[in-house]
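A single chain comes next, written as C-alpha coordinates; it is the form predicted alone.
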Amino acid sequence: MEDLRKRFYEKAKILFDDQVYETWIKPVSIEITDNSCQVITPNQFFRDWLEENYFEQIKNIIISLLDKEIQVYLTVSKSKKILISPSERLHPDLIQRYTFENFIKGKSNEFAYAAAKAVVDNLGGLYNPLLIYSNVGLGKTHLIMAIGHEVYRKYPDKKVVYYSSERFMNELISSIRFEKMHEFREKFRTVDLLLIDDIQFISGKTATQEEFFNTFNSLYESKKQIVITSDKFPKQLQNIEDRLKNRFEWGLTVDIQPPEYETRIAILKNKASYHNIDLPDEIAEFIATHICSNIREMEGALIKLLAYSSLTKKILDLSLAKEIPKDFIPEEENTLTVEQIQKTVSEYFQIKLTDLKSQKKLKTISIPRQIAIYLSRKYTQLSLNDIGNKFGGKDHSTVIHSINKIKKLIETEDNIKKHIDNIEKMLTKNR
(Lines give C-alpha, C1' and ligand atoms only; values in the text may rest on other atoms or scores of the structure.)
Protein backbone atom coordinates (compact mmCIF):
# COMPACT_ATOMS: atom_id res chain seq x y z
CA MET A 1 0.00 0.00 0.00
CA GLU A 2 2.77 2.45 0.95
CA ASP A 3 4.60 1.63 -2.27
CA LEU A 4 1.42 2.36 -4.25
CA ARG A 5 0.95 5.72 -2.53
CA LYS A 6 4.56 6.62 -3.22
CA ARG A 7 4.18 5.78 -6.91
CA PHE A 8 0.94 7.79 -7.05
CA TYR A 9 2.70 10.95 -5.80
CA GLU A 10 5.69 10.35 -8.07
CA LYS A 11 3.47 10.03 -11.14
CA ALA A 12 1.31 12.98 -10.11
CA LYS A 13 4.37 15.17 -9.70
CA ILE A 14 5.31 14.45 -13.31
CA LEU A 15 1.79 14.95 -14.67
CA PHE A 16 0.94 18.23 -12.87
CA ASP A 17 2.98 21.42 -12.80
CA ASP A 18 4.67 22.32 -9.51
CA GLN A 19 2.10 24.86 -8.35
CA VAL A 20 -0.88 22.54 -8.96
CA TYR A 21 0.91 19.59 -7.37
CA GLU A 22 1.93 21.46 -4.22
CA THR A 23 -1.45 23.18 -3.76
CA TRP A 24 -3.98 20.53 -4.79
CA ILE A 25 -2.37 17.08 -5.05
CA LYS A 26 0.19 16.83 -2.27
CA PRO A 27 -2.35 17.56 0.52
CA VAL A 28 -4.59 14.58 -0.42
CA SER A 29 -4.19 11.02 0.81
CA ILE A 30 -5.45 7.82 -0.76
CA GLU A 31 -6.97 4.70 0.78
CA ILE A 32 -7.39 1.61 -1.42
CA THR A 33 -9.49 -1.49 -0.83
CA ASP A 34 -10.10 -4.41 -3.17
CA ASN A 35 -12.90 -2.69 -5.08
CA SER A 36 -12.52 1.03 -4.50
CA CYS A 37 -10.16 3.89 -3.81
CA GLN A 38 -10.90 6.94 -1.68
CA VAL A 39 -9.05 10.16 -2.43
CA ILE A 40 -9.28 12.00 0.89
CA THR A 41 -9.18 15.81 0.78
CA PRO A 42 -8.61 18.28 3.67
CA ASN A 43 -11.95 20.06 3.29
CA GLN A 44 -15.00 20.55 1.11
CA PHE A 45 -13.35 23.31 -0.94
CA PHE A 46 -10.57 20.94 -1.95
CA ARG A 47 -13.02 18.20 -2.81
CA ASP A 48 -15.11 20.40 -5.12
CA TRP A 49 -12.09 21.95 -6.82
CA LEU A 50 -10.52 18.56 -7.50
CA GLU A 51 -13.80 17.14 -8.77
CA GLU A 52 -14.26 19.95 -11.26
CA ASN A 53 -10.66 20.27 -12.42
CA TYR A 54 -8.31 17.35 -11.77
CA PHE A 55 -10.42 14.31 -10.83
CA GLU A 56 -10.14 12.58 -14.22
CA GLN A 57 -6.33 12.83 -14.17
CA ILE A 58 -6.16 11.55 -10.58
CA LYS A 59 -8.48 8.66 -11.39
CA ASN A 60 -6.45 7.74 -14.48
CA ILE A 61 -3.22 7.67 -12.44
CA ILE A 62 -4.75 5.33 -9.87
CA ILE A 63 -6.25 3.00 -12.48
CA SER A 64 -2.98 2.87 -14.43
CA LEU A 65 -1.01 2.00 -11.28
CA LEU A 66 -3.41 -0.78 -10.32
CA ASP A 67 -3.79 -1.90 -13.93
CA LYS A 68 -7.49 -2.61 -13.41
CA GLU A 69 -10.83 -0.82 -13.35
CA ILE A 70 -11.68 0.43 -9.86
CA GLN A 71 -14.20 2.87 -8.41
CA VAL A 72 -12.48 6.09 -7.34
CA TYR A 73 -14.22 8.46 -4.94
CA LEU A 74 -13.43 11.91 -3.58
CA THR A 75 -14.17 12.32 0.12
CA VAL A 76 -13.57 14.90 2.82
CA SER A 77 -11.42 13.95 5.79
CA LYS A 78 -13.46 12.73 8.79
CA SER A 79 -16.74 13.63 7.04
CA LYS A 80 -19.89 11.60 7.09
CA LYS A 81 -21.36 10.47 3.82
CA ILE A 82 -24.31 12.60 2.79
CA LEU A 83 -27.41 10.58 2.03
CA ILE A 84 -29.65 11.80 -0.79
CA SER A 85 -33.35 11.05 -0.60
CA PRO A 86 -35.01 9.47 -3.67
CA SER A 87 -36.77 12.74 -4.54
CA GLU A 88 -33.41 14.52 -4.55
CA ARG A 89 -31.34 11.76 -6.09
CA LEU A 90 -28.56 12.81 -8.43
CA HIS A 91 -26.94 10.92 -11.27
CA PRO A 92 -23.82 9.18 -9.88
CA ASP A 93 -21.66 9.95 -12.95
CA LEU A 94 -22.32 13.70 -12.90
CA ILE A 95 -20.90 16.50 -10.75
CA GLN A 96 -23.40 16.81 -7.91
CA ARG A 97 -23.66 20.58 -7.75
CA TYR A 98 -24.27 20.92 -11.50
CA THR A 99 -28.06 21.08 -11.20
CA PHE A 100 -30.65 23.54 -12.50
CA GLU A 101 -31.09 24.82 -8.95
CA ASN A 102 -27.43 25.85 -8.82
CA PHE A 103 -27.35 27.38 -12.31
CA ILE A 104 -27.49 31.18 -12.17
CA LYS A 105 -29.57 32.67 -14.98
CA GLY A 106 -28.84 35.99 -16.64
CA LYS A 107 -29.25 37.68 -19.99
CA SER A 108 -26.19 35.82 -21.26
CA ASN A 109 -27.61 32.32 -20.76
CA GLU A 110 -31.39 32.54 -20.29
CA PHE A 111 -32.24 31.10 -23.72
CA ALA A 112 -29.88 28.15 -23.27
CA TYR A 113 -31.33 27.54 -19.80
CA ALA A 114 -34.91 27.61 -21.10
CA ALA A 115 -34.01 25.21 -23.92
CA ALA A 116 -32.37 22.80 -21.47
CA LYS A 117 -35.47 22.81 -19.25
CA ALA A 118 -37.70 22.26 -22.29
CA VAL A 119 -35.69 19.19 -23.31
CA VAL A 120 -36.31 17.59 -19.91
CA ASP A 121 -40.06 17.99 -20.38
CA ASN A 122 -40.09 16.61 -23.93
CA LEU A 123 -37.34 14.06 -24.47
CA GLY A 124 -36.78 13.20 -28.10
CA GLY A 125 -39.19 15.92 -29.20
CA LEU A 126 -38.82 19.19 -31.07
CA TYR A 127 -35.42 20.10 -29.59
CA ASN A 128 -33.58 16.96 -30.63
CA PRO A 129 -30.67 17.24 -30.77
CA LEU A 130 -29.98 20.18 -28.49
CA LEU A 131 -26.54 21.70 -29.10
CA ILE A 132 -25.17 24.23 -26.61
CA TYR A 133 -22.07 26.16 -27.67
CA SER A 134 -19.88 28.82 -26.09
CA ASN A 135 -16.30 29.69 -25.26
CA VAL A 136 -14.54 27.77 -22.51
CA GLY A 137 -15.76 28.15 -18.94
CA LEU A 138 -19.20 29.70 -19.45
CA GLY A 139 -21.43 26.90 -18.13
CA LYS A 140 -21.98 24.41 -20.97
CA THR A 141 -20.96 21.44 -18.85
CA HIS A 142 -23.06 22.65 -15.93
CA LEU A 143 -26.13 22.91 -18.14
CA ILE A 144 -25.71 19.56 -19.90
CA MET A 145 -25.20 17.84 -16.54
CA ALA A 146 -28.22 19.64 -15.10
CA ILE A 147 -30.31 18.04 -17.86
CA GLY A 148 -28.89 14.65 -16.90
CA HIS A 149 -29.61 15.11 -13.19
CA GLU A 150 -33.17 16.32 -13.82
CA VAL A 151 -34.08 13.47 -16.18
CA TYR A 152 -32.52 10.95 -13.79
CA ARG A 153 -34.55 12.45 -10.94
CA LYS A 154 -37.88 12.83 -12.76
CA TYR A 155 -37.83 9.63 -14.81
CA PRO A 156 -36.21 6.79 -12.81
CA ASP A 157 -36.84 4.33 -15.64
CA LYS A 158 -34.87 6.37 -18.20
CA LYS A 159 -31.28 5.45 -19.02
CA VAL A 160 -29.02 8.51 -18.91
CA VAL A 161 -25.42 8.38 -20.17
CA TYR A 162 -22.93 11.26 -20.00
CA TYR A 163 -19.56 11.13 -21.76
CA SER A 164 -16.98 13.64 -22.86
CA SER A 165 -16.22 13.15 -26.55
CA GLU A 166 -12.65 12.26 -25.59
CA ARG A 167 -13.87 9.49 -23.27
CA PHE A 168 -16.26 8.27 -25.97
CA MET A 169 -13.30 8.03 -28.36
CA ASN A 170 -11.08 6.22 -25.83
CA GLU A 171 -13.79 3.69 -25.05
CA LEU A 172 -14.31 3.12 -28.77
CA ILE A 173 -10.57 2.45 -29.21
CA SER A 174 -10.59 0.03 -26.30
CA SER A 175 -13.68 -1.77 -27.69
CA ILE A 176 -12.04 -2.18 -31.08
CA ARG A 177 -8.82 -3.41 -29.50
CA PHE A 178 -10.50 -6.03 -27.30
CA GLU A 179 -13.21 -6.92 -29.86
CA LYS A 180 -16.08 -5.59 -27.74
CA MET A 181 -17.84 -3.45 -30.34
CA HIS A 182 -21.14 -5.21 -29.74
CA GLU A 183 -21.09 -4.17 -26.07
CA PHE A 184 -20.03 -0.64 -27.03
CA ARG A 185 -22.94 -0.20 -29.45
CA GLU A 186 -25.37 -1.80 -27.04
CA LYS A 187 -24.29 0.68 -24.37
CA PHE A 188 -24.72 3.85 -26.43
CA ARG A 189 -27.63 2.92 -28.68
CA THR A 190 -30.03 1.80 -25.96
CA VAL A 191 -30.06 5.00 -23.91
CA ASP A 192 -32.97 7.41 -23.47
CA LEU A 193 -30.70 10.43 -23.05
CA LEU A 194 -27.17 10.70 -24.45
CA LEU A 195 -25.09 13.65 -23.23
CA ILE A 196 -21.86 14.29 -25.14
CA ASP A 197 -19.63 17.10 -23.87
CA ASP A 198 -17.11 19.01 -26.03
CA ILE A 199 -17.87 17.36 -29.36
CA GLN A 200 -15.12 19.44 -31.01
CA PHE A 201 -12.53 16.97 -29.72
CA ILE A 202 -13.55 14.35 -32.27
CA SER A 203 -12.17 16.70 -34.93
CA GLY A 204 -10.10 14.73 -37.41
CA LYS A 205 -10.95 11.37 -35.74
CA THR A 206 -12.49 9.52 -38.70
CA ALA A 207 -13.41 6.27 -36.93
CA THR A 208 -14.90 8.09 -33.95
CA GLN A 209 -16.96 10.34 -36.22
CA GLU A 210 -18.23 7.32 -38.14
CA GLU A 211 -19.30 5.53 -34.96
CA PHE A 212 -20.88 8.65 -33.47
CA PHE A 213 -22.72 9.28 -36.75
CA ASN A 214 -24.25 5.80 -36.61
CA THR A 215 -25.02 6.15 -32.89
CA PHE A 216 -26.68 9.49 -33.57
CA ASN A 217 -28.83 8.06 -36.35
CA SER A 218 -29.90 5.08 -34.25
CA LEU A 219 -30.96 7.24 -31.30
CA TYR A 220 -32.62 9.90 -33.42
CA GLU A 221 -34.69 7.35 -35.35
CA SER A 222 -35.77 5.84 -32.02
CA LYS A 223 -36.80 9.32 -30.78
CA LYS A 224 -34.20 9.24 -28.01
CA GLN A 225 -32.81 12.57 -26.82
CA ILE A 226 -29.30 13.75 -27.73
CA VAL A 227 -27.63 16.76 -26.10
CA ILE A 228 -24.23 17.99 -27.28
CA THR A 229 -21.92 20.80 -26.26
CA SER A 230 -19.30 22.49 -28.41
CA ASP A 231 -16.96 25.47 -28.34
CA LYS A 232 -18.27 26.71 -31.71
CA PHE A 233 -21.38 26.96 -33.83
CA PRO A 234 -21.71 23.68 -35.80
CA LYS A 235 -20.79 25.16 -39.19
CA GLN A 236 -17.56 26.56 -37.69
CA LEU A 237 -16.30 23.21 -36.38
CA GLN A 238 -13.10 22.25 -38.17
CA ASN A 239 -12.33 18.75 -39.52
CA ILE A 240 -15.74 17.34 -38.64
CA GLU A 241 -17.70 15.73 -41.44
CA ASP A 242 -20.45 17.84 -43.02
CA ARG A 243 -23.01 15.07 -42.52
CA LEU A 244 -22.42 15.25 -38.77
CA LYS A 245 -22.52 19.05 -38.63
CA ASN A 246 -25.75 18.93 -40.60
CA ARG A 247 -27.30 16.58 -38.06
CA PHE A 248 -26.20 18.78 -35.17
CA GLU A 249 -28.48 21.47 -36.61
CA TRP A 250 -31.56 19.28 -36.98
CA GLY A 251 -32.90 20.33 -33.60
CA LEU A 252 -32.06 23.48 -31.66
CA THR A 253 -28.71 25.27 -31.36
CA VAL A 254 -28.24 27.79 -28.55
CA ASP A 255 -25.26 29.77 -27.30
CA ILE A 256 -24.04 31.10 -23.96
CA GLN A 257 -22.37 34.51 -23.82
CA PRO A 258 -19.98 35.82 -21.13
CA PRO A 259 -22.01 36.79 -18.05
CA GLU A 260 -22.85 40.36 -17.16
CA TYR A 261 -21.34 41.93 -14.03
CA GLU A 262 -24.49 41.39 -11.96
CA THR A 263 -24.68 37.74 -13.05
CA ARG A 264 -21.03 37.23 -12.16
CA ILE A 265 -21.71 38.56 -8.68
CA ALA A 266 -24.73 36.24 -8.32
CA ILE A 267 -22.66 33.23 -9.47
CA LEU A 268 -19.99 33.93 -6.85
CA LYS A 269 -22.57 34.45 -4.12
CA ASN A 270 -24.26 31.18 -5.06
CA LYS A 271 -20.94 29.31 -5.08
CA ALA A 272 -20.11 30.62 -1.61
CA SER A 273 -23.60 29.83 -0.33
CA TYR A 274 -23.16 26.24 -1.53
CA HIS A 275 -20.26 26.02 0.92
CA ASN A 276 -22.22 27.78 3.67
CA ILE A 277 -19.96 30.84 3.39
CA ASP A 278 -21.24 34.40 3.71
CA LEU A 279 -19.19 36.07 0.97
CA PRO A 280 -18.54 39.78 1.58
CA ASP A 281 -19.77 42.00 -1.27
CA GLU A 282 -16.35 43.62 -1.67
CA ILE A 283 -14.71 40.24 -2.41
CA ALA A 284 -17.40 39.25 -4.90
CA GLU A 285 -17.00 42.61 -6.63
CA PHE A 286 -13.20 42.29 -6.62
CA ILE A 287 -13.23 38.87 -8.31
CA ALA A 288 -16.07 39.75 -10.71
CA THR A 289 -14.21 42.89 -11.77
CA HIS A 290 -10.94 41.10 -12.49
CA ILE A 291 -12.34 37.99 -14.20
CA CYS A 292 -15.00 38.87 -16.75
CA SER A 293 -15.24 36.21 -19.43
CA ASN A 294 -14.72 32.81 -17.80
CA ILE A 295 -17.02 31.49 -15.06
CA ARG A 296 -14.77 28.52 -14.39
CA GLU A 297 -11.77 30.77 -13.71
CA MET A 298 -13.91 33.07 -11.59
CA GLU A 299 -15.28 30.24 -9.46
CA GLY A 300 -11.82 28.72 -9.32
CA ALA A 301 -10.40 31.95 -7.93
CA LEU A 302 -13.11 31.96 -5.26
CA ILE A 303 -12.51 28.32 -4.29
CA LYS A 304 -8.78 28.97 -4.04
CA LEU A 305 -9.44 32.00 -1.86
CA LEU A 306 -11.81 30.04 0.40
CA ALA A 307 -9.32 27.18 0.69
CA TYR A 308 -6.47 29.62 1.37
CA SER A 309 -8.51 31.30 4.13
CA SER A 310 -9.48 27.94 5.63
CA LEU A 311 -6.00 26.43 5.63
CA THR A 312 -4.16 29.53 6.87
CA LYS A 313 -6.89 30.49 9.38
CA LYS A 314 -6.94 34.03 7.99
CA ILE A 315 -10.06 36.21 7.93
CA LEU A 316 -11.90 36.23 4.61
CA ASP A 317 -11.76 39.88 3.59
CA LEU A 318 -10.66 42.09 0.70
CA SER A 319 -7.12 42.47 2.02
CA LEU A 320 -6.73 38.68 1.98
CA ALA A 321 -8.08 38.54 -1.59
CA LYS A 322 -5.45 41.06 -2.65
CA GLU A 323 -2.55 39.28 -0.96
CA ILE A 324 -3.15 35.75 -2.21
CA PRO A 325 -0.77 34.32 -4.85
CA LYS A 326 -0.83 36.01 -8.24
CA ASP A 327 -2.21 33.00 -10.11
CA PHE A 328 -5.45 33.25 -8.12
CA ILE A 329 -6.37 36.54 -9.80
CA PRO A 330 -4.98 37.82 -13.14
CA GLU A 331 -2.04 40.18 -12.76
CA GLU A 332 -2.80 43.88 -12.51
CA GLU A 333 -1.61 44.71 -16.00
CA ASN A 334 -4.36 42.52 -17.41
CA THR A 335 -7.10 44.53 -15.67
CA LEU A 336 -8.88 47.44 -17.31
CA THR A 337 -8.04 51.10 -16.75
CA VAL A 338 -10.29 54.15 -16.97
CA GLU A 339 -8.24 55.30 -19.94
CA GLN A 340 -8.93 52.06 -21.83
CA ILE A 341 -12.63 52.36 -21.06
CA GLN A 342 -12.75 56.00 -22.18
CA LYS A 343 -10.93 55.20 -25.42
CA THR A 344 -13.25 52.26 -26.20
CA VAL A 345 -16.43 54.23 -25.42
CA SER A 346 -15.21 57.15 -27.56
CA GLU A 347 -14.49 54.84 -30.49
CA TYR A 348 -17.81 53.02 -30.10
CA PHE A 349 -19.90 56.21 -30.11
CA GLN A 350 -17.54 57.98 -32.53
CA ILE A 351 -17.03 61.02 -30.33
CA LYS A 352 -13.85 62.84 -29.34
CA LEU A 353 -12.08 61.70 -26.20
CA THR A 354 -11.87 65.34 -25.08
CA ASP A 355 -15.68 65.63 -25.31
CA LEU A 356 -16.04 62.59 -23.05
CA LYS A 357 -14.06 64.45 -20.37
CA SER A 358 -15.72 67.82 -20.99
CA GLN A 359 -18.67 69.58 -19.34
CA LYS A 360 -20.81 69.41 -22.50
CA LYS A 361 -24.40 68.38 -21.77
CA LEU A 362 -25.52 67.29 -25.25
CA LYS A 363 -27.25 63.90 -24.99
CA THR A 364 -24.97 62.48 -27.70
CA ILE A 365 -22.05 63.17 -25.34
CA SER A 366 -23.56 62.96 -21.83
CA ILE A 367 -24.94 59.41 -22.26
CA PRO A 368 -21.61 57.97 -23.53
CA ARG A 369 -19.86 59.84 -20.68
CA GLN A 370 -22.22 58.33 -18.10
CA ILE A 371 -21.72 54.87 -19.62
CA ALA A 372 -17.95 55.32 -19.41
CA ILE A 373 -18.25 56.37 -15.75
CA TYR A 374 -20.52 53.39 -15.01
CA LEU A 375 -18.04 50.98 -16.62
CA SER A 376 -15.11 52.62 -14.81
CA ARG A 377 -16.81 51.96 -11.48
CA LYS A 378 -17.64 48.40 -12.56
CA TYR A 379 -14.23 47.38 -13.87
CA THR A 380 -11.71 49.32 -11.79
CA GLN A 381 -10.95 49.62 -8.08
CA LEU A 382 -10.76 53.43 -8.17
CA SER A 383 -12.74 55.54 -5.70
CA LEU A 384 -15.61 57.74 -6.86
CA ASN A 385 -13.42 60.85 -6.52
CA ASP A 386 -10.59 59.25 -8.52
CA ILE A 387 -13.01 58.32 -11.29
CA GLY A 388 -14.41 61.85 -11.27
CA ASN A 389 -10.91 63.30 -11.66
CA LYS A 390 -10.39 61.11 -14.76
CA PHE A 391 -13.47 62.76 -16.30
CA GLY A 392 -12.41 66.37 -16.06
CA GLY A 393 -12.74 66.84 -12.32
CA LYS A 394 -16.32 65.63 -11.74
CA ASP A 395 -17.22 65.43 -8.04
CA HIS A 396 -18.32 62.17 -6.41
CA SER A 397 -22.04 63.11 -6.46
CA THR A 398 -21.90 63.52 -10.25
CA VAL A 399 -20.22 60.13 -10.55
CA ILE A 400 -22.90 58.51 -8.36
CA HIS A 401 -25.65 60.18 -10.41
CA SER A 402 -24.12 58.84 -13.65
CA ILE A 403 -23.83 55.31 -12.29
CA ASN A 404 -27.40 55.23 -10.95
CA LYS A 405 -28.81 56.71 -14.14
CA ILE A 406 -27.16 54.05 -16.32
CA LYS A 407 -28.35 51.29 -13.97
CA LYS A 408 -31.93 52.50 -14.43
CA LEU A 409 -31.56 52.87 -18.20
CA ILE A 410 -30.25 49.31 -18.44
CA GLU A 411 -33.52 48.11 -16.91
CA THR A 412 -35.80 50.34 -18.99
CA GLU A 413 -34.10 50.84 -22.36
CA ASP A 414 -32.93 47.85 -24.39
CA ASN A 415 -30.70 49.97 -26.62
CA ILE A 416 -28.62 51.14 -23.65
CA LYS A 417 -28.16 47.54 -22.49
CA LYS A 418 -27.17 46.57 -26.04
CA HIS A 419 -24.62 49.41 -26.25
CA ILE A 420 -23.03 48.38 -22.95
CA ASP A 421 -22.92 44.71 -23.94
CA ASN A 422 -21.18 45.65 -27.19
CA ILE A 423 -18.66 47.88 -25.40
CA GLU A 424 -17.93 45.16 -22.84
CA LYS A 425 -17.23 42.70 -25.63
CA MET A 426 -14.81 45.21 -27.17
CA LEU A 427 -13.10 45.69 -23.80
CA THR A 428 -12.79 41.94 -23.24
CA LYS A 429 -11.39 41.41 -26.73
CA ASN A 430 -8.80 44.14 -26.31
CA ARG A 431 -7.52 43.11 -22.87
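Remember, it's a predicted structure, so these values are computed and weren't measured experimentally. Basically, rigid core = biggest C-alpha set you can superpose within 1.5 Å across the two forms. Residues carry their position along the shown sequence, with the first being 1.
Omitted here: the form predicted in complex with a small molecule. The next part is about that form.
- Heavy atoms of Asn109 reach within 4.5 Å of the small molecule in the predicted bound form, making it an interface residue.
- Although the partner is absent here, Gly251 lies well away from the small molecule in the predicted bound form, with no heavy atom inside 4.5 Å.
- Shown alone here, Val136 lies within 4.5 Å of the small molecule in the predicted bound form, counting heavy atoms only.
- The closest heavy atom approach of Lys140 to the small molecule in the predicted bound form falls within 4.5 Å.
- Stretch-level contact check against the small molecule in the predicted bound form with heavy atoms at 4.5 Å: of 338-346, 121-129, 153-161, 92-100, the positive one is 92-100.
- The listed set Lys187, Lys322, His275, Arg296 contains one residue whose heavy atoms approach the small molecule in the predicted bound form to within 4.5 Å, identified as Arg296.
- Between the small molecule and the residues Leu279, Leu172, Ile240, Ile267, the one pair within 4.5 Å by heavy atoms in the predicted bound form involves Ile267.
- Taking 2 Å as the criterion, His396 counts as shifted between this form and the one not shown: its C-alpha moves by at least this amount when the rigid core is aligned.
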